[in-house]
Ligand code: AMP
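As structure tokens, one chain now follows by itself in the form predicted alone.
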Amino acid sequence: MMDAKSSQKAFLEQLVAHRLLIPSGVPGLFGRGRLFEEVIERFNRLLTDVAADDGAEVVQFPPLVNRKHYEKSGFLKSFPHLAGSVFSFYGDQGEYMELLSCLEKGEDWSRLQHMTEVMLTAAACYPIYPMASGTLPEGGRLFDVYSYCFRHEPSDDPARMQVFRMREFVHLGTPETSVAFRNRWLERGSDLLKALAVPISADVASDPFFGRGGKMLASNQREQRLKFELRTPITSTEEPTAVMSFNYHQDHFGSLFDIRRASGEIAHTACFGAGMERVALSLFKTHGFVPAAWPASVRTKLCL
């Protein structure tokens, strides 16, 4: 039996050989082939169909977020090891010549770069909360958002990319409606992956909080059952990969961005997120590298 690293390497080599992923020379950064993109697009349409009657407001954002909003969200406090900052050159002619000299000599030129006003988006839902600041209508609000995201987590595991896409549905409302939304999508997500014949397990989960204090935060998150994940064995049966997450944030984002219910109370929020590349990888791992040879029921479900 192969160990985890050997299994990851073997799976990645097969994905590359079938032109599903295209290596960049940087761990966790890949181009995508036509068939890989087609599977993602078909699954994305399937999510749209499942949520068709919900009436979510569809919004799109670039894979960048206002740095001030990013700082306010608390992501840097909890996950500084995953954050992606954007730096650029602001120098004069003299510094430009210094930059050229560094490039020619193969020296470090990062000191000539300075922080910009944007950060790389860590989760598709993050731009939603500052946008929703203010008073919600009766019944709250529901958003549908799809975006590339970045987390600095270089790995040889093809299921742990640095740049990936998330499709999220985000609810803002009361504690009761937020929990109900989270639970409803947990059931929907389970049914959807089962219909695609992907082996899954559901479990209470926690986020990868940083440092010693992070262990307590993760423990509290688990104890309160705020986060659930659907996992599938992509490169490891012992440590299956999360492909969907279902999160109840309580009043965290409502308090940070002053989102209030019609009654004036701080809003609670919840979100469902699907990792699009991970779902595609789970399908290729389960059914093989040629979609035309997948089970008829799966191809019919995806309209392949």
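Numbering starts at 1 and runs along the sequence shown. Note that this is a predicted model, so its numbers are computed, not measured.
Not pictured, yet referred to below: the form predicted in complex with this ligand.
For the marked spot (160, 166 and 273), a heavy atom within 4.5 Å of this ligand in the model of the complex is present in each of the three residues. Proximity to this ligand in the model of the complex, defined as a heavy atom within 4.5 Å, holds among 98, 156, 153, 203 only for 153. Shown without its partner, this chain lists 40, 64, 47, 242 as candidates; in the model of the complex, only 242 has a non-hydrogen atom within 4.5 angstroms of this ligand. Mapping the unseen interface onto this chain, residue 71 falls outside it, with no heavy atom inside 4.5 Å of this ligand in the model of the complex. In the model of the complex, at least one heavy atom of residue 227 sits within 4.5 Å of this ligand. Using a 4.5 angstroms threshold between heavy atoms, residue 261 stays clear of this ligand in the model of the complex. Stretch-level contact check against this ligand in the model of the complex with heavy atoms at 4.5 Å: of 87 to 95, 174 to 182, 145 to 153, 113 to 121, the positive one is 145 to 153. For the stretch 190 to 217, the set of residues having any non-hydrogen atom within 4.5 angstroms of this ligand in the model of the complex comprises only 207.
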